[in-house]
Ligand code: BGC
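Starting off, we have a lone chain in the form predicted on its own, written out as structure tokens.
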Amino acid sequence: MKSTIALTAVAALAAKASASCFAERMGYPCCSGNEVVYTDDDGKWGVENGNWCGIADEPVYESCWSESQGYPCCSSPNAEVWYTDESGKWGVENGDWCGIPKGTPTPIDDEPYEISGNPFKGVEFYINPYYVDEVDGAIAQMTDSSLIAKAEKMKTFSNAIWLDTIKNMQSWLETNLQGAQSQHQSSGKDILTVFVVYDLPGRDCHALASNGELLANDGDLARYKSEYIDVIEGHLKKYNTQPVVLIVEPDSLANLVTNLESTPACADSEKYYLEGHAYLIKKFGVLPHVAMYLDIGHAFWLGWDDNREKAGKVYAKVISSGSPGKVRGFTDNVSNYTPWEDPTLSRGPETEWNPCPDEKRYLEAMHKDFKAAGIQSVYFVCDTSRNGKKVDRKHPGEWCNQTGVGVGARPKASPVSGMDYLDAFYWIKPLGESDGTSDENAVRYDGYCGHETAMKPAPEAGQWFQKHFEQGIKNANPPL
């Protein structure tokens, strides 16, 4: 019977060991997994969330009953039960069945979680199992041992889970909330999961490569509310013992700042962008364990003085429309390549007189302007998944599958001293997933994906792009 039950990637990560380990007395945490990266006289070491952690010896229970049937025992009596038969209860670890020890489970505090301050601080970041699976597929295509080693490290870092269609939301939201809850119950740690809410009617009105499934009309707005936002709300309310961050609708509001007059599709979408945001802020912004960040494009979209001033008014209006819901802050550089710091650039002809030619200067300016616009909570999450190296683009507005890509700073809370309003560096756009197809005959072909500095041939947006991934890990800064 067990062999006929489908195992998901989430199930493979569901049960984690909860034993203490040698590393704690040395100031390092214990690993929640068991992948060995390094061994010394103290013991076995792994890497999680970009930090060293100690791997505890496997707990031993007197009743490791499943070994007689050819299966190992699970690492904890708290493991999630996936199947029960006459032998006992079965769980899943490392993609294989394991027997849950017949010990007494450790009680876990399952009180509702309430975010106070920076949601990225003091928690463990959830590892996206879908991305781990994608990277494993990429590794299977590699022969260079040094490149494989870099790719293996990519699996130890957290990135966002994109809910980019109603179907994908139904498949990925609850399973990953369950995965985070199971990891919490077996490890005792608070587990932060990051999702991208991304299915507005008329989505990405100024681009073609990432247009969505819902059109800019009243009927699809009703679907967005009832089939997408309401369903997400229901799952978030059900799984309320762990913190959740929502990255809200990349590119949408930034388009309302700059593209209403030049792009008819954006003018047609304005009503639905505004109503959609008001609705979701009211729904999600009252949940104590959820923090939301609205997207503000990037430095070479809204960085100019007049754009930032207009953005302050637009975002203040949108946030007010969602009252009593609250918004924690804003996210920048999503799916983009602008470096965090670029000291070679200044305000001048090369930057079209943009006073914010990198993301650091952009956020410094946005913090002042948004505060001046009356926005109360102004905190930022910068996407560093692909901005470790200055790419080959000839104009900073280039955005599609840029050559010269390098993965950037690792996900980390409060990463920059003196910028207390920067909540985190985080990988929102998973490196290796395409920005858009370079096939000129494709329905979703966007001219930017055919530009000179866009890597070609490229698959459809969201599909795996092996060459782009390999270049990104080769050019990683800091190195992998």
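Please read these numbers as outputs of a predicted model, since none were measured by experiment. The first residue of the shown sequence is 1; numbering continues from there.
Heads up, the form predicted together with the ligand isn't pictured, but that's what we're talking about next.
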{"item": "Placed ligand check: the ligand in the predicted bound form, overlay by site C-alphas, backbone/C-beta within 2.4 Å", "value": "open"}
{"item": "Partner contact for Pro430 in the predicted bound form: the ligand, 4.5 angstroms, heavy atom", "value": "yes"}
{"item": "4.5 angstroms heavy atom contact with the ligand in the predicted bound form for His298", "value": "no"}
{"item": "Distance check, His277 to the ligand in the predicted bound form, heavy atom within 4.5 Å", "value": "no"}
{"item": "Contact flag, Glu233 vs the ligand in the predicted bound form, heavy atom cut 4.5 Å", "value": "no"}
{"item": "Option from 372-380, 217-225, 404-412, 159-167 whose residues, in the predicted bound form, bring a heavy atom within 4.5 Å of the ligand", "value": "159-167"}
{"item": "Interface residue in the predicted bound form among Phe125, Tyr198, Phe195, Tyr272, criterion: non-hydrogen atom within 4.5 angstroms of the ligand", "value": "Tyr198"}
{"item": "Any residue of 449-465 that, in the predicted bound form, places a heavy atom within 4.5 Å of the ligand", "value": "Ala461, Gly462"}
